[in-house]
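As structure tokens, one chain now follows by itself in the form predicted alone.
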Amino acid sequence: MKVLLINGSPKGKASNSLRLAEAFLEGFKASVPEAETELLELRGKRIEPCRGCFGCWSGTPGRCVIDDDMAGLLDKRIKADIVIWSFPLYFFGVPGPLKNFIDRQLPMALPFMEENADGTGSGSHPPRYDISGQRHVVISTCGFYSAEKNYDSVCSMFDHICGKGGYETVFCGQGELFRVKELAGRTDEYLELCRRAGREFAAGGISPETKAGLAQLILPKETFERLADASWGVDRETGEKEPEALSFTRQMAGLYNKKSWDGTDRVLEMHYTDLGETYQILLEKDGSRVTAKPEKPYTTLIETPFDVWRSIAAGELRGDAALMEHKYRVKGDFSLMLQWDRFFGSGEAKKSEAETGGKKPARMLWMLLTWMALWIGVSIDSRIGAFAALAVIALIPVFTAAFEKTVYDALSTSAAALLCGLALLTGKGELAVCIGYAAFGLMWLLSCFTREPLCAAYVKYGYGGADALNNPIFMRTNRIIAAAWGVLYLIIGAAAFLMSRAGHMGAMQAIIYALTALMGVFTAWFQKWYPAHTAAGK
């Protein structure tokens, strides 16, 4: 099987449409690895315009009289089993190089008149070659917010070339977004849909569900048009060129999701330290505004060299790592940084769902209930309580079937069940409880030396999913918290053992509850204070 990908973009391999076409081809090749694929770049090829001389019909039948590159290209077009047409929309049609290529396909037809079986047009010409089994896909991007109603002339032309219903289409608005590194989180999702379309095409045809996904907007109309307007770097009122940093800040503000507004207006102040320029982004109920002169006191201030922040926005530099290296500083309300995706989102919530295999993210509550069943049940009665605790431990996986499981859930279930068994065999419930406290603390403490500390395993989805594990501030915060809980419960385990031997287990339980409550308060405070403290360069 031969697949010919025709790139009709004057931009060549820098084409946004080609990125979609190559993703489609990747998906196709994943299903049909034996397929022979070839990329035909029209840019740089010598393809003169058709002269309308009809020499290919009468003088040299089947061969154009023009001596250029077209003869070899036409041979590839004829011999292909599948043709993928890739091009950007130029003035509601195809670009010039591709139009020349299409016009010069006249040698593929015979001069005789006949009617189209599908009713397209008022007449046609029979094919010179049998290409009836050839399949076609038309892939194109345009600069409007939506592809809808912008491809009528393109579809009309391909109806004549391939026949009505004789080709599949992937028409994507907002094509320029595919060259914006800052939006890779969203455009990568679209490219993955293109790969899925390629796999489905190999199996017979693109499904309605995938077609619906490909037809969805990458960004809302209002957001896209704000970004598009800001990208020109021209002042809307004067028409004059504006400072690069101002244009960049406007584009950043254009990504603001006004649905994230929670009743509180925020003022994000960007101070570009190397340029000496300061701009404010006002995040309000009805959208965002950028001002070159401060209107209000900032709620969050970012002090950064311009190139550093631009590199972060482009994905060339991790913002969290740069913050730890003190390449920029943040003052004021740090919660904006922690919820950046909520305000200037890039689709991380969808990624998190994919990471869990479609299940709900893991919840620490279920892990804690396993231990609480042991501590409470066995403390009440070493036998009956142990049976009751085992019943609860056995039921928890049933009730949590819809949730992702972590290694700490598995360790907790195994350890708590074994300790219940110890209490049943020995009748020493207090010993099992004391060992349980120590084991719980040890699990917390040892998790500090793993890639995913215990608390991080449960809270990461609130901070970007698995990518949070690459965030040094997030990881250091969670390692400190995990270590604190680990030390506390190791101490509790030792103290509980000593007090149980002295007959003061009841008093010890009250102390445990008090210490746990205090540690909970500390955790809530520390997870906010420490990142903000680090971000301020302290």
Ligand SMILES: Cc1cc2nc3c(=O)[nH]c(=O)nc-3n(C[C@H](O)[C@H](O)[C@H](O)COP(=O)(O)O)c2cc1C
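Computed from a predicted structure; not experimentally measured. Residues carry their position along the shown sequence, with the first being 1.
Omitted from view is the form predicted in complex with the named molecule, to which the following refers.
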{"item": "Position in contact with the named molecule when the complex is considered in the predicted complex, options 387, 92, 449, 399, heavy atoms within 4.5 Å", "value": "92"}
{"item": "Interface residue in the predicted complex among 461, 328, 306, 144, criterion: non-hydrogen atom within 4.5 angstroms of the named molecule", "value": "144"}
{"item": "Contact segment among 173 to 181, 453 to 461, 215 to 223, 411 to 419, judged by heavy atoms lying within 4.5 Å of the named molecule in the predicted complex", "value": "173 to 181"}
{"item": "4.5 Å heavy atom contact with the named molecule in the predicted complex for all of 15, 88 and 150", "value": "yes"}
{"item": "Contact test in the predicted complex: residue 528 vs the named molecule, heavy atoms, 4.5 Å", "value": "no"}
